[in-house]
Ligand code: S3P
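There is one chain below, alone, in structure tokens, taken in the form predicted alone.
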């Protein structure tokens, strides 16, 4: 689908239905499936990725009832999963494939995980290697990519695993496998990544003398049914934070967005750049939100200055970097993103895709192996351009934000990929936009 984006004069209004957080939705569904008893999850995401997780769980014999945005999962416990078909299609979802790998190998199930062309191009050795160290029997293509084939095993053994990169998906995979393993599994991370798994499972965490975190899991962790509401996704909200900061005479209010400290770096980065962003009506009721705080976020137009992302901020803001790159084009000075090579292993090579997007808009950008540099200008006016999504939802939406600031219409090829995380993005744009 080719989507045309017209220039926008102002963005004004309230969005009360920011898409539910995908990361939390995936985990809630997976954890509920291996708990015993019924879990009720409200405000479950209608995006394609979390729905892939639900379909995979159905393929493992889990009964799931869906009514609107409420999902009831009839948990089968650690030993109750049984494949009802030999292949499980994870669609475009790396979270589904990587986290499910931990559960499948821990359960000793014989099943194959497949995905679409994009998912099948992403690196999976990062989860297969520690699982093999635990005793999982699995193979893949020659370059450690999907499909992933798991065979029955005699049971897993606990390991101590130091993450070679900041990755919540790898961390969660190993911790999930640890729920089935003999002994105590420990995952060590030098830079904190999103901590939804630890929060929802109530896992024990220690700190080493050097500041590294040690997260523990074992068969002794009690898996309880969930009764929770999924917060709004701050990654989806980030597009409006940037757009509301850039488009003149704008005021946007986003209702009940998740502000987990391991996810909200985008707000801090934009505030450091001078963005007029504030939060209100903070709720931190762990019993109803699985320990996830939420708040309303209010954004007004502001001038921006350049910034450099700190190494510790990169894993926290990894999904928001494409739209932060758009903000950097309009900031006075030179902005830098380095230590972000992980962007090349996303739905597409996001470093290359971001540089292409900014170049088409006429911005001054330099590409590096692990990031990029943008020479911004508060008076920058993007060219009308034909942007490519590269089948990456975040590139498509970041391109839309850039296109709002142009003087003439631009197009986005492959814009339907926004369905992966934010099905209502373009309808929300239509609601907010004054053209």
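Remember, it's a predicted structure, so these values are computed and weren't measured experimentally. Residue numbers count along the first chain shown, from 1.
This protein has a second form, the form predicted in complex with the named molecule, left out of what is shown; the following refers to that one.
Remark: of stretches 311 to 319, 78 to 86, 176 to 184, 146 to 154, the one touching the named molecule in the predicted bound form is 311 to 319 (heavy atom within 4.5 Å).
By the criterion of a heavy atom within 4.5 Å, residue 166 is counted among the residues contacting the named molecule in the predicted bound form. Shown alone here, residue 418 lies farther than 4.5 Å from the named molecule in the predicted bound form, counting heavy atoms only. In the predicted bound form, at least one heavy atom of residue 95 sits within 4.5 Å of a heavy atom of the named molecule. Contact between residue 360 and the named molecule in the predicted bound form is not found at the 4.5 Å heavy atom cutoff. 346 is the sole member of 346, 213, 199, 216 with a non-hydrogen atom lying within 4.5 angstroms of the named molecule in the predicted bound form. The partner is not shown here, but in the predicted bound form the stretch 120 to 137 reaches within 4.5 angstroms of the named molecule through a heavy atom at 126 alone.
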